[in-house]
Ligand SMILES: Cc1cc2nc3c(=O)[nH]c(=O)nc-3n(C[C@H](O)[C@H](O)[C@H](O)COP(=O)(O)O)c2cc1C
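The chain below stands alone, shown as structure tokens; this is the form predicted on its own.
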């Protein structure tokens, strides 16, 4: 395993709350970090560079205050950057991340060595999300510190690979940090991810149904009301395979049944500038992963993390008993 001691020492459980578009915000990030897991948000959740600067300052101040009050450094936080030609301000975003010395940068839609070098220059780490071995190899060649293996069942843009196969093949050539994404909702899932070879679990859907999350109340309620059978995986919305809740998807597609498959590049451009209020799939079709059936409450993030920690430690204890008869010294 390859999780830096500087991170391990600041975690209560091996978990990162995934950066969720239009959902993750400073309040959620701060609560995650001060309660012992990595919090994160997409840079594009702030609609201006001044706003991004303000959010980074808010998070930094809150975590410094928590450190001074408790004597223990909170978990680090991460910011997700879109590394894609549609993102014309990536250099400005990187400059702000450098200004605030963001500990972890999650890159999406492109692994670029220049971006990795820039983050390394201020001492940050780069984790890149991948859905295939080809993506993983390209990211490793770019020098990333971690790979987020997005396996089948993940919410949002999802992968199709079995987590067993994907992690096993990634581990054959990559000795950095490995994170597993895809249908993880409980503390037992976190322990299972470690047993499969991941260093960290990467959990998104479960954090939608928290009081701090910025998603609309109706979205949170739909998450709590949905089950595995309510998740539809399709490329008909943006041209890229993604997981959506059927009720939300059906509502949108009925209104746009004559539009056909949307162009992913155009959708990204629209998402980056948000110049109009028309219904857009990246905003109005609500996503969730296959683990949605385990979500039946909407607690504060601190309460959820305490629950996940309890489940995780119980799972570890249970596994030690389960494996005991098969240990070599028996």
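Residue numbers count along the first chain shown, from 1. Because the structure is predicted, anything quoted here is derived from the model rather than measured.
From this point on, the text means the form predicted together with this ligand, which you will not see here.
Partner proximity in the predicted complex, defined as non-hydrogen atoms within 4.5 angstroms of this ligand, places exactly one of 97-105, 67-75, 116-124, 175-183 at the interface: 175-183. Distance criterion of 4.5 Å from any heavy atom to this ligand in the predicted complex singles out 80 from the list 248, 80, 194, 226. In the predicted complex, at least one heavy atom of residue 42 sits within 4.5 Å of this ligand.
Interface residue remark: residue 144 is not counted as part of the site for this ligand in the predicted complex, having no heavy atom within 4.5 Å. Using a 4.5 angstroms limit between non-hydrogen atoms, residue 210 is distant from this ligand in the predicted complex. In the predicted complex, this ligand lies farther than 4.5 Å from every heavy atom of residue 163.
Taken together, 20, 153 and 202 are fully in contact with this ligand in the predicted complex: each brings a heavy atom within 4.5 Å.
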